[in-house]
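Let's start with one chain on its own, the form predicted alone, as structure tokens.
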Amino acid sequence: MDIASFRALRTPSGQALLREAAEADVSEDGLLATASRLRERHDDPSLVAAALTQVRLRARARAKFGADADRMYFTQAGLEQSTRASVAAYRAARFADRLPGARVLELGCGIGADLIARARAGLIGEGVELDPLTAEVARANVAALGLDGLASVRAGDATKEDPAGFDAVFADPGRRTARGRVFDPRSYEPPFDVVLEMARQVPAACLKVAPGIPHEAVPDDAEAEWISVGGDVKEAALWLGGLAGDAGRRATLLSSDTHFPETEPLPETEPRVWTLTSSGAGEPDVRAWGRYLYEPDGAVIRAHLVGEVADLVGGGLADPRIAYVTSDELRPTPFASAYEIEDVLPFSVKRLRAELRRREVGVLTVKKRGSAVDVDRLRRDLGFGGRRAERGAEELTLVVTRVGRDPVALLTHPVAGA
């Protein structure tokens, strides 16, 4: 889709075509027939293609943006790289709390997810986006959601912006190239050091970074925050100046996104938020396996806060290099999933197969950490090629890990409500 097709899509005739496409079958099986039918009714094949692309992208976007997705516009790359609405709203609330009424310059605004969230929180924002089409899409999203008075977007090179006069900077540098994800902050676009220098010219800033950013790359004066949604680590951000807290490192868990199926949408709900900060707990002690295994949330692990979780549950580590916490106490916490350990065995496929058969296990979940085992192959080798077995069969979670150089297998059950 080019800018001309996108602009045509926003005309009255383009909007009529978009509505028609939204009511048609755009599944993999029906897409070709729908495209042929629409091309018979409309003269511009590129406009038909743009409309069908938008309808399909909007369907995918509902998982990130809920009901807003049906009014918004997307590019494929823009959707993939955009901030989830729940995360953007959480982050915007921090801006609004610490910098009420602030004027924020956003460097690399993409399709406008963060810009929109801050505008809804009452902050004035100006977004700059290098790609002209993406800038056009962001501008359309601001208008579609009725936020023109609070947010604006222009195409331009973020590195040439002057942040003077703004109260804060938010930056979301590109972390993908044609070859895939970029992990070295120096390879961001624009480079991390350039963005950081610009951020230091204003009283406060937030820089969105990859969750895998090396801790040594985090500036000493920044508060680093890792965010997970529904148990999956989604992103990290560095807070500077008036937006930084005193924690140094923070893991934030959002309970989930609200998912909107294509039929019978669920009502929007606010996700619950839990935050764990560094407390100087130090390294957890090393001990033998206890009654319970705790699997820390990925954001906790990324933030190097496993010691804090060990303190919360009165536990330690079976291996000092592997983030599995063990304890004899059951202490429910949102920062880790708890499993009751039934048995600890030396890792052996033959022995495990016999033990699972003896226990009449029909549904097996396999987890691993610190092991090179291929989970799918292990399931097949254990006789669990299918995902489900007959009803009423015993369910078990097999955890494959190691202690020192010794591979071990833990037979466990999830603890409900923990």
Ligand SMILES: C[S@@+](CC[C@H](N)C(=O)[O-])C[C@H]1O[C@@H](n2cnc3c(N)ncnc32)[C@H](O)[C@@H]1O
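Predicted model only: the values in this text are computed from it and were never measured. Heads up: residue numbers just count along the shown sequence, starting at 1.
The next section is about a form of this same protein that is not shown, the form predicted together with the named molecule.
> Heavy atom to heavy atom, is G315 within 4.5 Å of the named molecule in the predicted bound form?
No.
> Is there a non-hydrogen atom of P296 within 4.5 angstroms of a non-hydrogen atom of the named molecule in the predicted bound form?
No, P296 sits far enough from the named molecule in the predicted bound form that none of its heavy atoms falls within 4.5 Å.
> I'd like to know if P190 sits close to the named molecule in the predicted bound form, meaning any non-hydrogen atom pair within 4.5 angstroms.
Contact with the named molecule, yes.
> At the 4.5 Å heavy atom threshold, is T333 in contact with the named molecule in the predicted bound form?
T333 lies outside the contact set for the named molecule.
> Heavy atoms within 4.5 Å of the named molecule in the predicted bound form: which of the stretches 273 to 281, 307 to 315, 100 to 108, 247 to 255 has them?
Only one stretch qualifies here: 100 to 108.
> I need to confirm a contact call. Of S152, S327, S337, T159, which residue comes within 4.5 Å of the named molecule in the predicted bound form, counting heavy atoms only?
Selected residue: T159.
> Taking 4.5 Å between heavy atoms as the contact cutoff, choose which of D167, E126, D319, D131 touches the named molecule in the predicted bound form.
Answer to the contact question: D131.
> Out of 66 to 92, which residues reach within 4.5 Å of the named molecule in the predicted bound form, heavy atoms considered?
Read in sequence order, the residues that approach the named molecule (within 4.5 Å, in the predicted bound form) are Q81, S82, T83.
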